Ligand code: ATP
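Only one chain comes next, encoded as structure tokens, the form predicted alone.
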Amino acid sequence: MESVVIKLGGSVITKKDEPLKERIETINNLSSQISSVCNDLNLCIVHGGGSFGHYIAKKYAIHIGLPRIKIGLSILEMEMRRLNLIVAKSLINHGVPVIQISPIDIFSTKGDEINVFHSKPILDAINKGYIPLLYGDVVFDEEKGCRILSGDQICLELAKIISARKIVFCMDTMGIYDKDPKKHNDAKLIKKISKEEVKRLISNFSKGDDVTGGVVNKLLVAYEAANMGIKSIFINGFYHNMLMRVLRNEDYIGTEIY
């Protein structure tokens, strides 16, 4: 059975310009698509923080280390668990047997590197026929006290341990463009990108406002994945049935990095 990691982007499942506001119709649509294939694949699902995670992280400056106001870290963890519960409820209501796993319970970092990953809960869930559901969140860090571990980075770690053939990123654009399509009307969608081309493309983007590095971080993760023989596919999470088409290995519109 093929193993796949799915990333539900925070900009897809929440309204990033409205603090703490989910897009329940979009979440339900994605849950329905996953439900149609969940019995045919070994899946791990990860979602982003969107207006839940980024809003709180910026408010308390958690993305640069332990906040001066200690309660900020508690609030961030609470709100990310709340978003995770919203996603889990939708998936379960559509018959997808997910198990919620909090990143702070299984990961820790040192600088920019993950130095602890307790993967047994992930593997146990999969071996018993369940689908782990994780999310980008704060974790404890040996140097800074804490840091934001992005959902994109978590996807890569999961792909390694389950021997995934691909990671599917659901975004708020059609895929990866030659430059930022939100700033440039003449930006062109790139359908296939080799790992050799990825680093050149990164120079066309900046990390911008996203506390987890935005598209740059996704490209860096895709580059690492490609070096391990894992394909990354970027699609528009708002498009009806696009995720299902990718999971069924049917034609789709998007970007493949290999």
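Note that this is a predicted model, so its numbers are computed, not measured. So that there is no doubt, residue numbering starts at 1 and follows the sequence shown.
This protein has a second form, the form predicted in complex with the ligand, left out of what is shown; the following refers to that one.
Student: Verify the flagged residues K166, Y239 and Y258 against the ligand in the model of the complex: is each one within 4.5 Å by a non-hydrogen atom?
Tutor: Checking in the model of the complex: none of K166, Y239 and Y258 is within 4.5 Å of the ligand.
Student: Which one, 105-113, 167-175, 121-129, 87-95, holds residues whose non-hydrogen atoms are within 4.5 Å of the ligand in the model of the complex?
Tutor: Going by heavy atoms within 4.5 Å, the stretch is 167-175.
Student: Any chance G72 has a heavy atom within 4.5 Å of the ligand in the model of the complex?
Tutor: Contact check for G72: no, nothing within 4.5 Å of the ligand in the model of the complex.
Student: Quick one: does K16 come within 4.5 Å of the ligand in the model of the complex, counting heavy atoms only?
Tutor: Yes - in the model of the complex, heavy atoms of K16 and the ligand come within 4.5 Å of each other.
Student: Though only this chain appears here, would G50 touch the ligand in the model of the complex if you measure heavy atom gaps against 4.5 Å?
Tutor: G50: yes, in contact with the ligand in the model of the complex.
Student: Do F205 and the ligand share at least one heavy atom pair within 4.5 Å in the model of the complex?
Tutor: Although the ligand is absent here, F205 would touch it in the model of the complex, with heavy atoms inside 4.5 Å.
Student: Looking at I34, I233, V215, I27 here, can you tell me which has any non-hydrogen atom within 4.5 angstroms of the ligand in the model of the complex?
Tutor: By the 4.5 Å criterion, the partner-contacting residue is V215.
Student: Of 1-23, which residues get within 4.5 Å of the ligand in the model of the complex if you count heavy atoms?
Tutor: K7, G9, G10, S11, V12, K16, in sequence order.
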